[in-house]
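Take a look at this one chain, the form predicted on its own, written out in C-alpha cells.
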C-alpha cells in the first residue's frame, strides 16, 4: 500500500465493510487483538455529532504527518455537513490535505492498509473508509553501498524502503516513459515489489513474463531478493547466475536504459535485473568513468582472475601428480622437496587447504566486524605459517591457495560458483590430470552456452556474434561511438 490509488468502484466481495462504525471497530479489533501497537481514536464531527474513528498502528505512522495533513484540518473545519454521506465526501475532497489517500470497501483492504502503515478513517453510517498515506516507520537511511564498491560514481545506495528506492530511480531517470509497477509477491505474508522498466525500450513480452513469474511465487515470507531470484531465473541447472543484482541506483538505471527489466523487493537494499549475460560479470561502473584502454585492461584482469580462481589449484594438482614434465626442473625440485615432508597427498592437501580457507572466510564474515578481522588475521598468518613450519602442508600449496583467494576476491559477486567449481576442478585434476580439467572445462562451457534467460543467449554478444554488442563487451568503445544496446527477446 505504498502509493495508494483511488478506487473507482467498490469490488464484489462478501467481506465488505459495514455501515456501522461499531461493527467495523469490532472486526478490526478482532484482527489485531492483543497487539499493543494497535491504536484507535474516537471522535464526533459536525453539529450533528456524527461518530467517527481513526485506526492506525503506532510506530508505523508519522505522527507529525497525521497531525498536519489529516487530524488538524478535520478537527478545525467549520460548517461540516450534517448528513453522513455529504460529510464523508467533504472530508475526502475538501478538508484533508493528505497527498496519498484512497477509499477502501472491504475488511481485507483495511487490514492490508493498516499493516502498510496507513491511517484509516471511518464515519458511522458510511460503508466506506478513507485511507491516508502517513507511513513513518523506522528504516535505514540512504547511505553508501556496502557490497558494490566503486572508485568513482555516486555514493548513494539502495535502502530497505521500497519508496526510497523508487525515488532514487525516479530522480535519475527523468522521463515519463519510466514505469514503476507495484506487485505483491508471496502467499502468506505478502511483500511489495516494483517491476521497473522504460516503456518503448523493454520488450513487452519480457515484461509480462517477469510479472507472471513473480505471481507464481509460492513462499510464505520473502526475506530478501534471494527468495525471488530463483523464480526469475527459471528451471534448470545453472552454474552461474542469470539474474543480475546491484546495490547501486546508478547501475540499476543504466541497466534499464539498455532495455532490461528491474525488480525491487521491499525490505532489501539490492535490486534485480533481467536478462543478465555472462560478460556482465566482468564489467563495473568504473569502466565507464575511465579511458577505454584502461577499461580494457581492467576487464582482462577480471577475466584472468576468474580463470585463476577456478583452474589454478586444479592445474597445480594435475601437474604435480600426472604431468611433472610441464614444470621447470628447478621449480619441480623445490616442489618435491616441500611435498615429501608433508603427510597428505597433493590432492588431499589442496582440498584441506581449500576447506580451511572457506571456514576462515565464513567465520570472519559472520562474526562481529572487529572480531572477524582478528579471526581472519589469525587464520591467514598464524595458522598458515604454523602449518608450513610444522610440515602439515607445503609452502607451494599455501602460495597457490593464497593467489586463488586473492583472485577470487576480484569478482566477489561470483564467489559462490567459483568456490564450488574450484573444488570440482581440484577433484578432476587429481583424478585424471589435465584430461580431467579439459573435460570439466568443456562441460562448464556447454552449461554456459545452453542458458537463455528470457530468450536472450547467456553468451551474448559473443555467441551469437553481435557487432553492436561488441562495443561494450571485452572492449569498451569511446562514449561517442558506444550508443545504446538493446535486447531482442525471442519467445
Partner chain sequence: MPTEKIPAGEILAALFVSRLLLSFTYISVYGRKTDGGEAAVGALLALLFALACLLPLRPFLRTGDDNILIRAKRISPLLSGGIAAVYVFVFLFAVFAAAMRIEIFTGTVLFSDNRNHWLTMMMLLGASYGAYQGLRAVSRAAIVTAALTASGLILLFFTVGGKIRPENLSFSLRDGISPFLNKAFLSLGGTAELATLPVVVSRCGVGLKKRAPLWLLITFICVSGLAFFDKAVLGSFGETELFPIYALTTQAKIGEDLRLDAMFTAIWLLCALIKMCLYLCVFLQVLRDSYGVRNKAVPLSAAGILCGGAVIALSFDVNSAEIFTSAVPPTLFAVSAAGIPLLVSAAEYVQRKRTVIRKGELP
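Positions refer to the first chain, counted from 1. This structure is a prediction, so every number in the text was calculated from the model and none was measured.
One more form of this protein, predicted together with the partner chain, exists but is not displayed; see below.
Undergrad: With heavy atoms only and a cut-off of 4.5 Å, decide whether residue 179 touches the partner chain in the model of the complex.
TA: Result no; residue 179 lies far from the partner chain in the model of the complex.
Undergrad: Though only this chain appears here, would residue 32 touch the partner chain in the model of the complex if you measure heavy atom gaps against 4.5 Å?
TA: Judged by the heavy-atom cut-off of 4.5 Å, residue 32 is well away from the partner chain in the model of the complex.
Undergrad: Heavy atom to heavy atom, is residue 445 within 4.5 Å of the partner chain in the model of the complex?
TA: Heavy-atom contact with the partner chain at 4.5 Å: present for residue 445.
Undergrad: My question is simply whether residue 406 lines the interface with the partner chain in the model of the complex - judged by any non-hydrogen atom within 4.5 Å.
TA: No.
Undergrad: In the model of the complex, do 297, 303 and 415 all reach within 4.5 Å of the partner chain through at least one heavy atom apiece?
TA: Heavy-atom distance to the partner chain in the model of the complex: none of the three under 4.5 Å.
Undergrad: Counting any heavy atom within 4.5 Å as contact, can you tell me which stretch out of 251-259, 317-325, 289-297, 149-157 lines the partner chain in the model of the complex?
TA: One stretch meets the cut-off, namely 317-325.
Undergrad: Report the residue, out of 329, 340, 390, 355, that has at least one non-hydrogen atom within 4.5 angstroms of the partner chain in the model of the complex.
TA: Answer to the contact question: 329.
Undergrad: Go through 68, 449, 60, 27 and name the one with a heavy atom inside 4.5 Å of the partner chain in the model of the complex.
TA: Comparing distances to the partner chain in the model of the complex, the residue within 4.5 Å is 449.
Undergrad: Taking only heavy atoms into account, state which residues of 413-433 are within 4.5 Å of the partner chain in the model of the complex, ordered by sequence.
TA: Result: 431, 432.
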